[in-house]
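Next comes just one chain, in structure tokens: the form predicted on its own.
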């Protein structure tokens, strides 16, 4: 007879999660490290009670906003290389729907997070309960169904015994390197508190092995032929290089072949900035060096990249007639993009096999090609130096000079986090990465408000490393509340808060597409109704201080250097606040080196829109469909 233990559904779930592990390359990790939670009537008596009951088995973090709890969990998962994740529980209603943005971010970026939104009564005896959405044509729909399209796995647990297969499926997806993303188990509040006799085998330790699939021999042979035939190949390193921990394999392959390596936002840091084959970011926010190589490449080797529009210049960047694509990717969907030759495999396993089949000394690009891109890179580095340099230390810094000041004090242990605004473009072009995980840009969803909560998650995963959240005033105002969590738990994140009085990136984009910066500045209304008056009299530094953070105000470049050094040494949450000089421009960094398709009004009377449309049509005419 099978032995059983009588527990509530919520208690059984917490106990089950506490004994789930991942393993890759002999390294074993706890799959679900902790649970974030905000409690209401949909989960307080279920998961809330269970987390107290089993506090020794499952750590708990108190959040202030449901979306930001997901961001923190995502930051933790990325820093943990997707081998360990965190769960998030909310009440029903607005608490549950606040998860949607974070779930979309996790799924788009292929990062695991486990969501437990409370749900309405499975028995429906009290319908309609507080915060319940009533759908006349479907009695089984709740607001949690909003999470279906942004989840890689979704289930609603309407009976206790349904938790067993649902939990196993949830773990399977979280640990799957191809399918991972947001996983949602909607938990009706009555079911959470219901008791059931659980088989003890459900609580036995279970290890989920994270696969490294090898390349198919036929695909590998085709890949070798493609590389050997290439005269001007270019590697594009995407986030899959980091997820696979293929950085060393890539460095060896690039060194052996001489093939230059450009990186997407997710892939930056795949090679350190001083590696001889590193040519910087690719695409709209990339370097002139990488983009010129892309225009002339005869073979583009994409490794772990999704080929987003920023990477491809909205399909205008790869100009050479007959250019071909070789796509090493663990996911077949991405491996077949741009009509490329797929090499479906784990990035590290695929690179190792490709290097082996090419053989030592069997293939290397010409010395003239190497000299060409190294000289171009040196010219670009001189542009970076010029952007970073502050000739007058007693004046207000530009945004690139803020990065330059930070560049002076960090080492390979520091981690930088950003997601939205003008900073991603500046960082992708200018930042010199010193370690494979220093550069943490969430640019799959580019979600404003991600940085501060993500920094908390990263710091939880890397407690001994300096963790910086770089935010503009726009993204800060979206979601500063997790500062309270950092203060409460003593999580010593560092926030660099840049005040440029509005949405600088979108303001610049608006101007370029004929929108005349409408609605992008944080200013008083002028007499004509536009927001073009004086800057708003807000004090974001005072706001951060009011939430419990230590704040250092920097008015000049000299002040900034001193404040950053103090913040880096701090063992409490610390914010460096600085107002930049270029308040009404994007940043002062080099302009975009590749186009990005943002459609412009096809008809207009204002001259700015008419001129923008003319330029748009010229760019559109260069777009290619690679077949």
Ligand SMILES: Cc1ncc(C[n+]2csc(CCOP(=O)(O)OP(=O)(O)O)c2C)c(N)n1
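Residue numbers count along the first chain shown, from 1. It should be emphasised that the depicted structure is a prediction, and the values quoted were computed from it without experimental measurement.
We do not show the form predicted together with this ligand, though everything after this point is about it.
Residue contact check for residue 421: one or more of its heavy atoms lie within 4.5 Å of this ligand in the model of the complex. Contact annotation for residue 500: at least one heavy atom lies within 4.5 Å of this ligand in the model of the complex. Not displayed here, this ligand is kept clear of residue 492 by more than 4.5 Å at the level of heavy atoms in the model of the complex. Residue 302 falls outside the set of residues with a heavy atom inside 4.5 Å of this ligand in the model of the complex. Contact check for 96, 129 and 186: none of the three has a heavy atom within 4.5 Å of this ligand in the model of the complex. Checking 466 to 474, 187 to 195, 275 to 283, 307 to 315 against this ligand in the model of the complex, the stretch whose residues place heavy atoms within 4.5 Å of it is 466 to 474. This chain is displayed alone, yet in the model of the complex one of 532, 446, 167, 512 has a heavy atom within 4.5 Å of this ligand; that residue is 446.
For the candidate set 210, 122, 506, 226, a heavy atom within 4.5 Å of this ligand in the model of the complex is found for exactly one residue, namely 506.
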